[in-house]
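Next up: just one chain, as structure tokens, the form predicted on its own.
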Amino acid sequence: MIRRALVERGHETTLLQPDLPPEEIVQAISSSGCEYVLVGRTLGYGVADVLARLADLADAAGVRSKVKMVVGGMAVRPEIAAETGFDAGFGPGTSIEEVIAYVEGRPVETSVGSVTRSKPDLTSGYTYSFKNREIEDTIRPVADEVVAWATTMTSPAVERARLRRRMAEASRSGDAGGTASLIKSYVALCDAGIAQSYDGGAVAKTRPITAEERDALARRVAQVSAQGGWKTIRHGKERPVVFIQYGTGCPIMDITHIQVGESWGADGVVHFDPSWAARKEGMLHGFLTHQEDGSLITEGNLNLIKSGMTPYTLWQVRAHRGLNTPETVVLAGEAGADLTKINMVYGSLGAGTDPERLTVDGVEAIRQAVHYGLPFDVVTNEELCGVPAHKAFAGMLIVASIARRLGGRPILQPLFCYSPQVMIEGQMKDNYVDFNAAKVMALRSIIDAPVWPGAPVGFLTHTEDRVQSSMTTALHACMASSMGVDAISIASSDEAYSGGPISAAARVDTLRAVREGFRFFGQAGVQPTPMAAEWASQLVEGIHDVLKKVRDRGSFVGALYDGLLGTREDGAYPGRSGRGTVRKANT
């Protein structure tokens, strides 16, 4: 292959036979007068001895100084080449272009074979029309009730979100006095520990990122961006789009992970924030890092992270669970995010926020998402608590219906997970394919909407073994691809077991594994058994039963407190954060 490429570039070459003794190679060098000797070595056994012997013989024959000696192959590393007297070594993953560039004494042309990328709209082409009319008729009054009720209510988060948007507008117009006045009103709605960050005070658990650190980061981002040479993760299919997650606690480390992900083919990134910040009223100010899981959402941090991304990377900032849900959407929209995440059911039953408060905040968050043109996924993470899939899906569809009522573009996010309920009920006793496939089939039979399994796919099948974790991630990704979904989220191979920030190597593990999986299947795919259709039918029936109970309850918030969308026995507990903070809005 390399010889053919060299000939096509106008080089004169001689292809020697395989398994030639080193003495005959040296003789051929002497007689041909060549400038380069390219040696291929596939097996690793004794490779250093063989290469060293060839280099020594060439030296003894007086031809070593006249030629460049290069070795390549599965067992080759640059270190081995250098130690054995070769000029260069090319190991696994080397492109032909890299070898040709070395022979021609020029930099690698990254435009050759490089990837042309664009930023897809995951909601494009979907009508959001219901295919199941019975479910449509049942869910419509539920969505209407939520919107009508929430419109008459307000909360500190709703008021902060609206102030935040006015602050951004005042700042853009250069109205310094107006901005200062709005900040003062904003701070009055924050917890004391949050408010002091606006006066330059220290914030517990955090450290400011200095101007010198930001300047150094900008230089490194520019350097990495100039290198280019991005890989693609797909093989012959445009979907699914692949997202990775970041949230190391440090925006600078986050950017490093984002760039690693981009270089290995990730299409998008998801911002994880710390759970403790979601329990505070108000959002911090400035450029901040801390040593806990999840990166703080501030205007400064988001703008810093955005500066480290390529223009085609999809960026999601989550806003689905805490006391700052609508304001997070405003910050995400102002920072240029492409997507957000909203689900008041999961946030109420699995993430600790009071159902009444998060319903009011969630409706406002959807309104803000519509204003900024942000699609959002509706994650069903309450399944991880133990809530059965049909209940979680009923909640997801209610939120999606509310969003459509308000002009939003929701994306359905079923979990591809080995959930507690599945372990008890045995739907994955035989395989991991059928029940996950049934989820997609059920949703597709109900509504024409984009589907983005998460979050991340296969995460609960991971172990401390990085190889095993990479493999199960790739298998779940390939199954998702077979089901024709629009996007997937994947974790790194050490995400559950690192005991701290994940490593870049583990990030590459799963990206490479998914890439190889997509390469393996191409246009082929995973075929579920007939059980998938049977379970899909059961899911649809269960979803409808839950929706009817919520409709008959007459109050979505009441249904959340009553356990219609997940009981305490299921593992769902109505949260307490923000309880008692909702009040009638001024009309």
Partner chain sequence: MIASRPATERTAQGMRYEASARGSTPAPFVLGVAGTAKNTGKTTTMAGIMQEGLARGWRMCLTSIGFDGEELDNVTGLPKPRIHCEEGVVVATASRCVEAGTAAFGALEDAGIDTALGRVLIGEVRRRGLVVLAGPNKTIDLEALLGRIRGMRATPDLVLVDGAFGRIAPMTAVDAIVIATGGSRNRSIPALARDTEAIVRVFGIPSLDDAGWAGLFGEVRPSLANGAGCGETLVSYKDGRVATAPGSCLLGDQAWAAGGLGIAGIRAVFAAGATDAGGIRSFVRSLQERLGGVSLVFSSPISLMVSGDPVGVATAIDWVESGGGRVWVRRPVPLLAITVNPFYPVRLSSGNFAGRFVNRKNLLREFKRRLGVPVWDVVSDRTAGLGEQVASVLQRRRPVEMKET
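Just so it is clear, the structure is predicted and the values come from calculations on it, not from any experiment. Only the largest set of C-alpha atoms that superpose within 1.5 Å between the two forms is called the rigid core. Numbering follows the first chain given and starts at 1.
A second form of this protein, the form predicted together with its partner chain, is not displayed here; the remarks below concern that form.
For the options 531, 526, 540, 63, the residue carrying a heavy atom within 4.5 angstroms of its partner chain in the predicted complex is 63. This chain is drawn without its partner chain; in the predicted complex, the residue among 49, 562, 552, 545 with a heavy atom within 4.5 Å of it is 49. At the 4.5 Å threshold, heavy atoms of residue 82 reach its partner chain in the predicted complex. In the predicted complex, its partner chain lies farther than 4.5 Å from every heavy atom of residue 119. A residue is said to contact a partner when one of its heavy atoms sits within 4.5 Å of a partner heavy atom; residue 127 fails this definition for its partner chain in the predicted complex, lying far away.
Its partner chain in the predicted complex is not approached by residue 583, whose heavy atoms all lie more than 4.5 angstroms from it. None of 262-270, 87-95, 247-255, 179-187 except one has non-hydrogen atoms within 4.5 angstroms of its partner chain in the predicted complex; the exception is 87-95. With the core held fixed between this form and the one not shown, residue 569 has its Cα displaced by under 2 Å. With a cut-off of 2 Å and the rigid core superposed, residue 338 has a Cα displacement that falls short of the cut-off between this form and the one not shown. Positional change of residue 153 between this form and the one not shown stays under 2 Å at the C-alpha, relative to the superposed core.
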